[in-house]
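Next up: just one chain, as structure tokens, the form predicted alone.
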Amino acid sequence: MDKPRVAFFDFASCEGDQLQIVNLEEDLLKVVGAVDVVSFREAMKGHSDNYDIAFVEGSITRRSDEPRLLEIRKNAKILVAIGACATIGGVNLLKNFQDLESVRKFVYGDKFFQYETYPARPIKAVVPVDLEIHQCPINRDEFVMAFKALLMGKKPEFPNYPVCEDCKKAENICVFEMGMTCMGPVTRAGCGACCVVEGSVCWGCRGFIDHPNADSEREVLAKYGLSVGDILKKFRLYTGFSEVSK
């Protein structure tokens, strides 16, 4: 029986999610042993358009990206978006709230006219996606879990409760109590509240839970003198597409 053929692709991103996969080291050998990796620019020179599963990192930021993504979708039986840029748009969304020509001039200077751009969007805004693996960068263990499930023909199960639960398990002091703001009450858990554990806040890189308790969130914000508008603007870093796509 032939092994499933797997390919990795990237669009606008830092490619940190693919590096997480490469950094699996010994576990990567086990993963690779179960499949035939036919394209993975971060780890090999070869490339083939004959694959069963496509893992795609990065957001779509140019109209010229679309034909390539459509071709990947056509070739793949299963398309998996990996990382915040691919699943929710990521940091590239910041330009969506600015004048795009000004952004091009700021980045490329007097050669800006040579580079095209349009509002950044996640993969699912252009083609159907079969599975999303969230976080920035992705969690290696979660990737392995999802990968194994796909190979067994199963749908991986991801947490669908707020990061606040991970925070409580980690015995963190709520950052709201320390005068900071946090996306934890509405963000999908599964990261172990790693940012809060390290002394920061949750930035929402795993995206919103499916059915966030909006009333509870408003109560929390009101308690600390904040509005929904305040927190959405502050955390456009990752969740801006949810705001502009409504």
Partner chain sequence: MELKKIDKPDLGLFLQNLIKDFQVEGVKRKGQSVYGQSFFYGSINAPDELCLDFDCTTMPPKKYFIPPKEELLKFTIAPKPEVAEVIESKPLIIFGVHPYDLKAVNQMDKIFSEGNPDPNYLKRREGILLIGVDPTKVSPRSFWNSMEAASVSSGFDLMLTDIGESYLVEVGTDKGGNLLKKYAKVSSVTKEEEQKRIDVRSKIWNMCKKRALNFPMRELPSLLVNSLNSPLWDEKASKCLSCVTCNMVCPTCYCFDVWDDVELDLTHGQRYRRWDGCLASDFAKVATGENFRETRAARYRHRFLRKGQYLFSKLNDAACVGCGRCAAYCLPDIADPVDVFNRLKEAVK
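Every value quoted in this text rests on a predicted model; they were computed, and no experiment measured them. Residue numbers count along the first chain shown, from 1.
What follows is about the form predicted together with the partner chain, which we do not show.
In the model of the complex, Lys169 approaches the partner chain with a heavy atom inside 4.5 Å.
Among residues of the shown chain, Glu177 is one whose heavy atoms approach the partner chain to within 4.5 Å in the model of the complex. At a distance threshold of 4.5 angstroms between non-hydrogen atoms, Asn160 is in contact with the partner chain in the model of the complex. Using a 4.5 angstroms limit between non-hydrogen atoms, Pro212 touches the partner chain in the model of the complex.
Screening Glu101, Glu165, Glu71, Glu116 for any heavy atom within 4.5 Å of the partner chain in the model of the complex leaves a single hit, Glu165. Residue-level contacts in the model of the complex: of Val127, Leu151, Leu131, Leu94, one residue has a heavy atom within 4.5 Å of the partner chain, and it is Leu151. Using a 4.5 Å heavy atom cutoff, none of Arg5, Met44 and Val107 lies near the partner chain in the model of the complex. Of the candidate stretches 199-207, 46-54, 25-33, 63-71, only 25-33 has residues with heavy atoms within 4.5 Å of the partner chain in the model of the complex.
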